[in-house]
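A lone chain, given as structure tokens: the form predicted alone.
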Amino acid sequence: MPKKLIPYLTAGYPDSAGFLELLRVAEEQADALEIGLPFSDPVADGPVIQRSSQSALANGMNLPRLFTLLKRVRPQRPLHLMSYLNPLLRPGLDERLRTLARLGFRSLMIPDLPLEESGFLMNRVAKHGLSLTPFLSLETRPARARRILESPAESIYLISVRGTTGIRARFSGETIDFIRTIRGRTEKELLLGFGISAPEQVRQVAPHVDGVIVGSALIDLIDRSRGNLPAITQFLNRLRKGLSREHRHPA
């Protein structure tokens, strides 16, 4: 099966028009897109994504405004929403979930919602054709990892490093062993995130996962290049080539 490249974009960053342009460019290289809803009190985001979220919040970005933007462009790739729980727990939750499904979202990734407390939401998202994607990390204890792998989730978000999101130069042997171990225990879709920044990393992990999510490195490039769209296209294309060549570079 082809491996998936999943770019992450912060909703409303650097502004509404810029976000839509980035969405269009990222979609050309992507198999799916992860959109992060900015939140004022994140627990998993590193400094790069935190800065983009604070900027988007200052511009008034929220879930209803994201809906308005996406209705204008209608992305053709499957979408994943990265959101903390608080912005979702508002009156009209079912209508919000219904709108997410209509706009092409497939799953919700909620870092501050433990699997043990997710039952109330798991049933509601399933009614709308959505799913919850739980997180599994190097810090996850074996018994809890087993419960996550046995859950109804269709996909698992593997966190490749200890700590928050951010750019890393390489993956440790511990990370590779962790990914291989999980791959050997499940046939669920495994999406690897946190720290993806170079084709060499992609080639290192691609034999063992179904997709890679690139967030901080992409947001950092957007910042450094001031939204230079050709540079962003080139960066994503390099990662795409790393995925397509992974079979020649087994880890």
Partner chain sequence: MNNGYFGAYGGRFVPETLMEALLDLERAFHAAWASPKFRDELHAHLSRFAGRPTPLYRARRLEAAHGLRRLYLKREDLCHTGAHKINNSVGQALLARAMRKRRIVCETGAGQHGVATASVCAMMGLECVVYMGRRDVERQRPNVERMRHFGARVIPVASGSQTLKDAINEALRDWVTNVKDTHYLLGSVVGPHPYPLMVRRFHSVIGEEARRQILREEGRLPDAVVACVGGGSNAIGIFSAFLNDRSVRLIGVEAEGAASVSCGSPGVLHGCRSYVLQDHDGQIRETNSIAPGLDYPGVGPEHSSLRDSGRVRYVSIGDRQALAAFRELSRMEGILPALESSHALAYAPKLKRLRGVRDILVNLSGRGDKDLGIVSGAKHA
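Worth saying up front: this structure is predicted, and the values here are computed from it rather than measured. Positions refer to the first chain, counted from 1.
In what follows, reference is made to the form predicted in complex with its partner chain, a form of this protein that is not presented.
- Remark: Glu34 does not count among the residues lining its partner chain in the model of the complex, judged by a heavy atom distance of 4.5 Å or less.
- At least one heavy atom of Arg144 is located within 4.5 Å of its partner chain in the model of the complex.
- At least one heavy atom of Thr140 is located within 4.5 Å of its partner chain in the model of the complex.
- Although the partner is absent here, Pro38 sits close enough that one of its heavy atoms falls within 4.5 Å of its partner chain in the model of the complex.
- Only one of Gln50, Ser197, Gln29, Gln204 lies close to its partner chain in the model of the complex, with a heavy atom inside 4.5 Å, and it is Gln50.
- Scanning Leu190, Leu69, Leu221, Ala44 against its partner chain in the model of the complex with a 4.5 Å heavy atom cut-off leaves one residue, Ala44.
- The partner is not drawn, yet in the model of the complex one stretch among 54-62, 222-230, 206-214, 182-190 has residues with heavy atoms inside 4.5 Å of its partner chain: 54-62.
- In the model of the complex, Leu85, Asn86, Pro87, Leu89, Arg90, Pro111, Asp112, Leu113 are the residues of 82-113 with at least one heavy atom within 4.5 Å of its partner chain, listed from first to last.
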